[in-house]
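This document starts with one chain, in the form predicted on its own, laid out as structure tokens.
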Amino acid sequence: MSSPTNSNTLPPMDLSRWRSVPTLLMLIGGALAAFGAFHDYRQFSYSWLLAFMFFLSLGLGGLILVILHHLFDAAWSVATRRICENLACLLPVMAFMFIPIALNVLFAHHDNIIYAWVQKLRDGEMDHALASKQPLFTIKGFFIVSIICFVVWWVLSNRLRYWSLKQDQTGSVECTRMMRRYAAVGVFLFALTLTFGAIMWMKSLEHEWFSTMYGVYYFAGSVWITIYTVYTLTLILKRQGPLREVATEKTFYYIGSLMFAFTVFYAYITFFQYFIIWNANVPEETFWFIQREAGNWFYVSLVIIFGHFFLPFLMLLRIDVKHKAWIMVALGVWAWLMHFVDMSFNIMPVLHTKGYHLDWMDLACAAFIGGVLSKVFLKNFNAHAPFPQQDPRIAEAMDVYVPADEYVQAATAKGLKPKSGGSH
């Protein structure tokens, strides 16, 4: 495949053979996951949590990329904004995917329960670590936090998409202002809810552990995997036609630059979380890393170091690589694998204490959730225009020069600021 910028000369790819993949993933993955729930409920619970946290990353990454687009008023990201909006709209679907986790907290007991602290509360065993995290680490607190997170994400994704679609119809400046207002408030709400969600759903698997960087750590990984996904989707849509004119050379260059930036940012956060905890040498913190050096978990950590950081870092150093489609798509597939390994490294040592073990239920749960989200994404994407039709920066995004009208020229010459309505 040639570079993304030359895809205008290439015929569309034949994707007909892939249309049934989401349905197959749903049916096969759902059947295997249901069988696994009856066969080994404990393994199923952890496998479902792994798949849930993995795909939640894509929704959260899409939401923050939309928010950042409006906050910085970027032009190059206009081409990818609708893709990110549709990824963000997967977050309400993830609320339904949360149901098995909620049922585990409510009804599972002893070895089958995901969170050991829930069983401790039921047994009246209040240790120091659990007592210091009250009233957050209670069953009521768990569900209050979960509901708040999903409500905030639904409101932000829904309203940003609503005003985006309305902008397609009217082109009104009010739409742009409303999206910026939601983004200005949403960036703070996003930071809080992502942090609490990561703590309550993944970090609390070992409630004794303390880390003030865990929310940022999950954020870095989420945006990292989402950027690779957006690059691949943008490339496919440009080749197929919907983004053929609007996705330009600089679009792919800037997405590639963000890949590089978040590769370094993820490594920075991961290393300093480890360095600060290990340097402080507090048993309530270091045990988390000691547990992840048992058996072959140590080799998994090396895979993350070299595969999650060094490989993409070295590959993305060259500027021209960001325009080589086959390399970037291969990196995208590799990024999905590394993020899955990263999420496994966070979750599975609680279950498999002696070393990493890839269970078939891990793949089954991931296949089912991935199939459902793929169908929802494709349905939402096909329902509306593939990119913002009347975004005020659409011409700039397409590298098209639009001369100012007489009103704007006259106002600029007099040093006045044109009112809305002259040239939008």
Partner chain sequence: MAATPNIYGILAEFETPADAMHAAEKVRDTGFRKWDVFTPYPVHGMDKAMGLKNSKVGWFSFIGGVTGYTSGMVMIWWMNAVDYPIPIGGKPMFSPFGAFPPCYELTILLGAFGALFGMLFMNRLPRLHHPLLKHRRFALATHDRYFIVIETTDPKYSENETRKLLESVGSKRIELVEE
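Note that the structure is a prediction, hence the values are computed from the model and not measured. Numbering follows the first chain given and starts at 1.
The same protein has a further form, the form predicted together with its partner chain, not shown here; the description that follows concerns it.
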query: Interface residue in the predicted bound form among F196, Y274, F260, W209, criterion: non-hydrogen atom within 4.5 angstroms of its partner chain; finding: Y274
query: Heavy atom within 4.5 Å of its partner chain in the predicted bound form - the one residue of S132, N279, T353, Q169 that qualifies; finding: N279
query: Partner contact for I99 in the predicted bound form: its partner chain, 4.5 angstroms, heavy atom; finding: no
query: Interface membership of E249, its partner chain in the predicted bound form, 4.5 Å heavy atom rule; finding: yes
query: A294: touches its partner chain in the predicted bound form, heavy atom cutoff 4.5 angstroms; finding: no
query: Any non-hydrogen atom of V151 within 4.5 angstroms of its partner chain in the predicted bound form; finding: no
query: Contact segment among 101-109, 218-226, 122-130, 317-325, judged by heavy atoms lying within 4.5 Å of its partner chain in the predicted bound form; finding: 317-325
